[in-house]
Ligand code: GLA
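In structure tokens, one chain follows: the form predicted alone.
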């Protein structure tokens, strides 16, 4: 009996290995085409990012991808999500990229994986974890030994869980990208070769490639790997450029094709009509070129994960929470006119007799006429234990990754003068004796305020918000947050500070506080509302100031009256029939007591 059981178990294991072996594929480079099991294969791909979509909605978005005619999806892998603190890895919940890839396979989609580990992506620090800033002497995107050591440990961790899903191991990952638009940053081929070796040593032994904008491709391409191009969609120019850098042959891959663009606070919402791109898509597909739309579906950059742009010619530009991107699927995952137009183009290029799945209907939406809120916590209630210092400490000094820092000191009153905060990163509410007197804003260069102090000892509070670390360009390592320089009043340095981190991650249970009724300072507010039916909705923050919102424990992202985004998308997956709870951390208009929710977004209103 025992021998029969052993035989039975062995038979099952053998059958499993045979199935696995049979499901393995070969994905290789031909002279003109990608070859899947020896046959030409044209990738029609679209980018969508697992953390920007509720886990519960991943499958719905992929069904939409299939309905538009995509056969592949692309995604970055975000180091700062998966290793939020050094040596502490997280692949659970919305970070469960393995499940994301499995669902794609179940829905009949191939995957292009982009672990870089630098991603840009309008994402905090370009995907790097904040704690790299605390590694003395570390230089990202270089042969610096400290950087390569941290990089290697991360890539090996990714390799353990993701390499089995490569197509040559029976999975659905067709290709893996090393680095990301490196040519826009540097030109060190030795560094790129180290990247390649790291990926291979981590188990990524399938097809590797690089991608760069056309103007930077020569600098960012590693000879021997497929060079993919970003932002170029003239078929003749795409082929010429890749031929020049790939031994005179293809295949040809546009790794990022932009049918629109992203937004940042204080600027106009970006939209591009579909008819400006349908002809280009048609010509690219007709030429047999593979393509990845960036973005097919943007979703939402929730929490504190938005990045920022900054260079010598432009001011600091933090991105908004909505990553709608004017993509074929809108922020909530519904098809747009661009979706329909692109679907019609793609249908033309499918083999005869191939019909696309029907387009799933738009999801139901709801409006909520009134949600009442009450004050439940002031800054003194929210701040944990602080640390004393002569000069203000940065977020990194306090091992604070994202959110806010409250700086507090005592100064002698009865004086007037200019208060200047040098190297403010990034937005501040200034308070005297607990009352707001003004704001400072790195975006607009406002780093000073005129103070008129009452008599006696005065409490000076400065609440500083990290609006997002720079995600692109040469300033990646000048990304410390908080008060990075000195605080000057009447031309003298203000010293002896208490530093209180406010990460606002794990939120407690709050009850109304009567003593906060006449508050004139940032405040946490709470409300509840009941639903008899659920659907997507959009919190209308038009009349509010600036802050962050949580629904049923989920951080929806930032709002800011400056616009262009005036609503916060609430996915139906995060709402309940019956009672729901909302928390609002409001910095500028603590007197507000109610808000409502609309059945459509406002993404194009500057105030």
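Numbering follows the first chain given and starts at 1. None of the values given here were measured: they were computed from a predicted structure.
Just so you know, the form predicted in complex with this ligand exists too; it's not on screen, but the next bit is about it.
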### Query
in the predicted complex, which of the listed residues (467, 462, 121, 178) lies with a heavy atom within 4.5 Å of this ligand?
121
### Task
Could you work out which of 150, 133, 330, 256 is the residue within 4.5 angstroms of this ligand in the predicted complex, going by heavy atoms?
256
### Task
Tell me the stretch among 266-274, 317-325, 232-240, 150-158 that has any heavy atom within 4.5 angstroms of this ligand in the predicted complex.
317-325
### Task
Report yes if any heavy atom of residue 79 sits within 4.5 Å of a heavy atom of this ligand in the predicted complex; otherwise report no.
no
### Message
Even though the partner isn't displayed, in the predicted complex is residue 262 close enough to this ligand, meaning a heavy atom within 4.5 Å?
### Response
yes
### Task
May I ask you to check whether residue 204 falls inside a 4.5 Å heavy atom distance of this ligand in the predicted complex?
no
#### Entry: Distance check, residue 128 to this ligand in the predicted complex, heavy atom within 4.5 Å
no
